[in-house]
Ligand SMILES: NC(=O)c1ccc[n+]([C@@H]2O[C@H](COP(=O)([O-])OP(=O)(O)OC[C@H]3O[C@@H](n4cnc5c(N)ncnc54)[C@H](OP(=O)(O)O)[C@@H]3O)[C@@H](O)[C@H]2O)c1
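As structure tokens, one chain now follows by itself in the form predicted alone.
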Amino acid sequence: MKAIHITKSGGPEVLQMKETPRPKPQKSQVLIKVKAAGVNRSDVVTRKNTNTYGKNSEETIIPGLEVSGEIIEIGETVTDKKIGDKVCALIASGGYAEYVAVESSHCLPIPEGISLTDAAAIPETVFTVWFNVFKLGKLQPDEKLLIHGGTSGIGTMGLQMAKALGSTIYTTVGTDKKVDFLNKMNLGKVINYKKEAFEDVFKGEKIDVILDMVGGDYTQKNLEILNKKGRLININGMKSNDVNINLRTIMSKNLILTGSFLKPQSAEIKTEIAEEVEKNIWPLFNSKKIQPVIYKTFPLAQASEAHQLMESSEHIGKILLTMD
């Protein structure tokens, strides 16, 4: 099969297409013939920081954390899926390929009204938002949520999910074009952080949960605008992972500061998330209350161009690689 490999640490040019052995599903896995794969910022981090310099396919990394496609083979203990099922799936790696083996319990059926290609945009964002905002952050229907980076894949999906489940939503973006896009989608109060300081605009809102992927000096500002018993959840530190905070802010308002990486979570945790997502979020796709936002698709061979676009942050929503 064809697959994109990270041949060494570096820029988008280190992503190279190689012929690779097709994986064999283990007992509890299924083999998916991939239709599309989502491109995530985590893939960029992996590409920049891998210490793999091997020349053989066995010594390199195939990135990709989410795919959609058709099951063509099942492991001997799999009973919940069958050959021919069309699914989308969360995977630990290997999505930039024509085939991928994945735990059966990490696959979900394609939501009604979503194309097989577009479904590749769903797993990583929905799983991340559910785990962080709703499990760790315990966001309630009558509470207020702020997501920084509202036009990212996670931002567009998270805002839709929270709104559909009854929360009041706020977000920050970096251009007026992105403000206009979210306003057209009616996704809460949106500001251009390059023109307005979010800590001033949202100061009186008493926000209950903040999902932050920026870090740096945003951290203390986030703590200051949180409501009493508010929760700050970090999923990235694009500005900086090193922060200075005033502990008095946390203590005086009884705040919770937490965060997570989805990728290293155990298979059991991911199975649990999948079950909860199918129960609580899939009906929102079926009722058209939420939908994936796709910015651009690239053929698999153009993975480096897809990474360039991801790093530019010009996109709104998700970037996909297709196997066609």
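Just count from 1 along the sequence shown to find any residue number. Please read these numbers as outputs of a predicted model, since none were measured by experiment.
Below: the form predicted together with the ligand, not depicted.
Among 292 to 300, 24 to 32, 37 to 45, 270 to 278, which stretch has residues whose heavy atoms lie within 4.5 Å of the ligand in the predicted bound form? One stretch meets the cut-off, namely 37 to 45.
Is every one of T128, S152 and S260 in contact with the ligand in the predicted bound form, taking contact as a heavy atom within 4.5 Å? Affirmative, all three are within 4.5 Å.
Out of T219, N236, S105, S167, which one falls within 4.5 Å of the ligand in the predicted bound form, going by heavy atoms? Exactly one listed residue reaches within 4.5 Å, namely N236.
Name the residue from V173, C88, V100, L159 that puts a heavy atom within 4.5 Å of the ligand in the predicted bound form. It is V173 that has a heavy atom within 4.5 Å of the partner.
Any non-hydrogen atom of M310 within 4.5 angstroms of the ligand in the predicted bound form: Flag for M310 set to yes.
Is there a non-hydrogen atom of R231 within 4.5 angstroms of a non-hydrogen atom of the ligand in the predicted bound form? No - in the predicted bound form, heavy atoms of R231 and the ligand never come within 4.5 Å of each other.
Going by a heavy atom distance of 4.5 Å, is K144 a contact of the ligand in the predicted bound form? Looking in the predicted bound form, residue contacts with the ligand do not include K144, since no heavy atom lies within 4.5 Å.
Contact test in the predicted bound form: I207 vs the ligand, heavy atoms, 4.5 Å: Contact with the ligand, no.
For the heavy atom contacts within 4.5 Å of the ligand in the predicted bound form, list the residues of 187 to 206 involved, in sequence order. The one in contact is Y193.
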